[in-house]
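Only one chain is included here, represented as structure tokens and corresponding to the form predicted on its own.
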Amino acid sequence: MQLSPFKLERFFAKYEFNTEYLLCSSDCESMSIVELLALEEDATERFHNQWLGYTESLGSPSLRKEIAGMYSTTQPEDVLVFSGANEAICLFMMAALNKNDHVIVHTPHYQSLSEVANAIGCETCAWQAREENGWSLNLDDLKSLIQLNTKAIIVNLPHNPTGYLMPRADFDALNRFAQENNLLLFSDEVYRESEYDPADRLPAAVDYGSHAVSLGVTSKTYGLAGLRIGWLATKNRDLYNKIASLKDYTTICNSAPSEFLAELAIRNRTKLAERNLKIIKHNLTIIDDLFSRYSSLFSWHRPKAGSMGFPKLLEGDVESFCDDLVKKAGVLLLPGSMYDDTRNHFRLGLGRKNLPQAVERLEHYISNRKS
């Protein structure tokens, strides 16, 4: 299996740890281990006594129980824990797909949501989000993409990088369509519980039936990327067992300290999500003001969930703009070309506390650029 370079990750490898302001981060503000342990009275002592032997390959039973509690009908035996979300994506596709299968992918998208399928030898096609309609997905477009060899539909809701969130009626219809056509639905839900209005939250796909697989992670909504803990939830036993078997060839099992801390985090996830949503909403007011004052330079559809948006640069080339900005102002934006976008968009991160300072730098750069 030959995988192409992961453009977004190579871009971050170049800039992430030597740039002062990351104004394009996809994750939310993180915290220290001390802060996380403080969420429960006896957590520090329990953490110090954590055994550092191998863990169970499927994930610790207590962690899987906490994860299952995030869903409505899911049991611990439906959950499989990984080292981050990318391992989960890769092993799902290796287990579920075969050469010459046809796969429909919500686009724009995180590269691995199509690249692994391409490397297997699948034919992938884009279910294109419509910017003119707020980055929405049209179900009639989906129906026109179906082929006799279609095996799976891949969606990401809430969406990276646009912040789009599908209406509940459309998500219900999408799940019915997958069931009626005997298709797998892989639902990347790593930004779930970051909806700005909780009433907009969608059910997890796994709770619709055995056709669906839900992906989750501690990195995004909860801001704990350093734990490297992700998971899949599915009621499809055959698929579950195939994925579990493949994990024996990758990480085998997860980090014991990370599983302990992830379990603690998920048990207290409402506090973590509320903390980061407060940061996002404050930052949105700053970005709204910036874009209203520079409406000739930027346009965007305001996100409904998650820690990012996908604005458009209206003057000049976005790759040149981002390159010049990071060199002259120490502020990093992610050009949309990392998502194969050719329409001058860029990814804007909303989940970090230092966004106000980064925006000051950005605005100073714009002023100097105009003059």
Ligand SMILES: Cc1ncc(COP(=O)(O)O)c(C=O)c1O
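Just count from 1 along the sequence shown to find any residue number. Worth saying up front: this structure is predicted, and the values here are computed from it rather than measured.
What comes next is about the form predicted together with the ligand, which does not appear here.
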Practice task
Could you tell me which of 77 to 85, 174 to 182, 231 to 239, 192 to 200 sits within 4.5 Å of the ligand in the predicted bound form, going by non-hydrogen atoms?
Solution key: 77 to 85
Problem - Touches the ligand in the predicted bound form: S114 (any heavy atom, 4.5 Å) - result: no
Problem - Any non-hydrogen atom of V217 within 4.5 angstroms of the ligand in the predicted bound form - result: yes
Practice task
Give a yes or no for N283: in the predicted bound form, does one of its heavy atoms lie within 4.5 Å of a heavy atom belonging to the ligand?
Solution key: no
Problem - Proximity of Y164 to the ligand in the predicted bound form, heavy atoms at 4.5 Å - result: no
Handout entry: Partner-contacting position among I89, L137, L261, I154 - heavy atom within 4.5 Å of the ligand in the predicted bound form
Key = I89
Handout entry: Stretch 1 to 34: residues contacting the ligand in the predicted bound form, 4.5 Å heavy atom cut-off
Key = S26
